[in-house]
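Presented as structure tokens, the chain that follows is alone, the form predicted on its own.
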């Protein structure tokens, strides 16, 4: 089938929300302040995300945690060879979470987790040098998970449950590097879809060597979202015929208007293992996460008007190493700090500007203040520094040939967060 003009990369950004290298590690203020650790730490209802097997060890019958973070990101791109530069002006991201658990018996707890582990908002200047790859993008995936936590013995527990996922995306880019309508407006494409759903699952375990030393493990399954009802809108193309215009055997100029598309959007599975030691004053956590990004080899798009596009990504599996510390200053105040190193799954030659993603260092801190015996305020702060990288995307195709797009990327993010923890 013939490929639509300039669409070899089209829709690649859609999968960033679902499995293309952008993972929002903001699933609990207490855990985030400790380097986003918690797979072996019994602390609060945040266990619903980090290790549901631990819910059965919570002392209180009812536990609830809720929170939201504000993501202030900054990305700059520069190509010294051509004297070009650009900087994102991205809206504030607001990932959130809500967890609850209830101890039905001494050996059985049930729970519910609602959270947003994938998402992105990126906006580049209009008609910047990389506008043929992306102008702006908004992505979000919401996970809803009922949970069961079962105590096998005083030392061993298991937990997990099904995961329902719903996602949405709005993405715009120019059709290619030069195409305009008769008034000089750049031809562009906008893709929009919402309510894309599917199911997955997670399974976890926790083992207590002593009352103070634990190990934990948690696997969250791969989930594939099949987009079948979204729309692709073509604007400012120099073609008002109502039918695609064949320029040559490899180039077709679409008419302005909308069409449908189909695509499979993968979210990778991930495995986390860790250890935790705590006493009356201190707690120490270490978590290791392996994310199986290799499911994201490419993205094939089928358009309702008969066109297709193939998107190579060729991601590799990556690891995250996380460390956390907590100090209980008194009965009201707990202080936390942490660090994590997050490997990029992007291979050389596949670095695209939808959400620039390189190896990153995360520095975290936070505090909890107990208002009373039941209610506490949790606050966290994350500074995420991506390593500066000279990289390119080598698979954009125009007029039958690859046109690499590259430069130097500098990225960072500041993420304050606030939450509440309640127990009864």
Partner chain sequence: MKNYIKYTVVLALGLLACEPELENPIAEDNFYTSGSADLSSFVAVGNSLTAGYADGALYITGQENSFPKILAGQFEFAGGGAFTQPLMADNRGGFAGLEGFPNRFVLAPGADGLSPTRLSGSPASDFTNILSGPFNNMGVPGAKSFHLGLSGYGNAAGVSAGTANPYFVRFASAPDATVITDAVAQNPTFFTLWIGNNDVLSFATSGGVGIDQTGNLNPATYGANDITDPNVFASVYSGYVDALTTATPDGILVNIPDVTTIPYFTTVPFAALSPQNPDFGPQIPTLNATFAPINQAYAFLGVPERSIQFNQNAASAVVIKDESMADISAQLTQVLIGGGLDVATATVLGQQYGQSRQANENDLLVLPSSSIIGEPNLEYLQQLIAMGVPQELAAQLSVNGITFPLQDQYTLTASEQELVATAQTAYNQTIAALATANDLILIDAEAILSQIAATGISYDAGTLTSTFATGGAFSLDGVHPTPRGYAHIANVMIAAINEKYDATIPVVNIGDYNTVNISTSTE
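Everything numeric in this text was worked out from a predicted model, so none of it was measured. Numbering follows the first chain given and starts at 1.
There is another form of this protein, the form predicted together with its partner chain, and it is not shown here; the text below is about that form.
Within this chain, residue 363 is remote from the site of its partner chain in the predicted complex, having no heavy atom within 4.5 Å. Contact between residue 72 and its partner chain in the predicted complex is found at the 4.5 Å heavy atom cutoff.
The closest heavy atom approach of residue 60 to its partner chain in the predicted complex falls outside 4.5 Å. Interface residue remark: residue 121 is not counted as part of the site for its partner chain in the predicted complex, having no heavy atom within 4.5 Å.
Residue-level contacts in the predicted complex: of 298, 180, 279, 258, one residue has a heavy atom within 4.5 Å of its partner chain, and it is 180. In summary, among the residues 314, 198, 78, 140, the only one with a non-hydrogen atom within 4.5 Å of its partner chain in the predicted complex is 78.
Scanning 364-390 for heavy atoms within 4.5 Å of its partner chain in the predicted complex gives 367, 369, 377, 381, 388 in sequence order.
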